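Below: one protein chain in two forms, given as structure tokens, structure 1 then structure 2.
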Structure 1
């Protein structure tokens, strides 16, 4: 299956994508994680992307499409987290999958109110190694400051600062919300309530992709 997880920043896409990838034996592709790996590797792409990311803007479509295209070539099962985020990206994805002889099977929209999103993002800590997300109040690591999965150091993402969070929410409304309408027209969208315990939300997600 080729599944897209769509929703605003902080909706829990990354958290649930990791669980779903394990449960369904699918690859998990997160463009945010790919970009952060480029930034920490100090590559040219990373240097370019960092300016956009830190202030909460989207990285230009041509950069994102160029970065992800190779990963979509064989058309195998995948969970896409954080991509596509613009209509141009959605069209590029359709084109790449058509060339690979496949298509998007399901789009799951994570519904969460803004007040909850701000609360989640301000308490988030992310592993600088494997990128696993934690929350200092709702999902803390076993040992403070250390990732349960890889032992990496936890840190706050620069774009989880209040100004960048406000900007990301605005950018989501302007540029990514239209992607939901794009897919609604295909009849592939299932909306889930993404508020509640992690296991509850996972149950709703698993039912939505069945």
Structure 2
């Protein structure tokens, strides 16, 4: 299957995509992870992308499309997390899948209210050593600023600061939400409530892709 997970930043797509990929034995492609790897590696692409990401803006279509197309050539099963984010990206994806002799099978939309998203995102922190995730409000470390697992220093991403979060949500509404309407016309969209315990949300996701 070729599955797309849509939803605003902080809706939990990445967490659930990783679990679904393991359960369904599908490749998990996260454009966010791919871009952050480029930033960490100090590549030219990473330097270009960092300027947009730190402001909460979307990385230009041509950059993202080029990254994704290289991963879709064989037409194998995949979960796309964070792509497409614009109509142009959705159209480019359709063309790439057509060339590979496949198509999108299911689109799942993660629904979460904006107030909940700001709370989730502005509280996120990650260990600079082992990359363990935390939420300073709902799942804080035992010692402030210190990872429970390895003792590394916790840090927040620049785009998870409250002002950047609100901008990311505004950008989402302006540029990414129309993608949902694009796929609704195909009759392949399933909407799930993405608020609740991880197992509850996964159960809704698994039912939606059947």
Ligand code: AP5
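This one's a predicted model, so the numbers in the text were calculated from it and none came from an experiment. Here the rigid core means the biggest group of C-alpha atoms that line up within 1.5 Å when the two forms are laid on top of each other. Residue numbers count along the first chain shown, from 1.
Novice: Quick one, which of these two is the form predicted on its own?
Specialist: Number 2 is right.
Novice: When the two forms are laid on each other by their rigid core, does residue 130 show a Cα shift of 2 Å or more between the two structures?
Specialist: Yes, its C-alpha moves 2 Å or more.
Novice: Fill in the domain rotation here: degrees turned by the smaller rigid part against the larger between the two structures.
Specialist: Hinge rotation between the two structures: 33 degrees.
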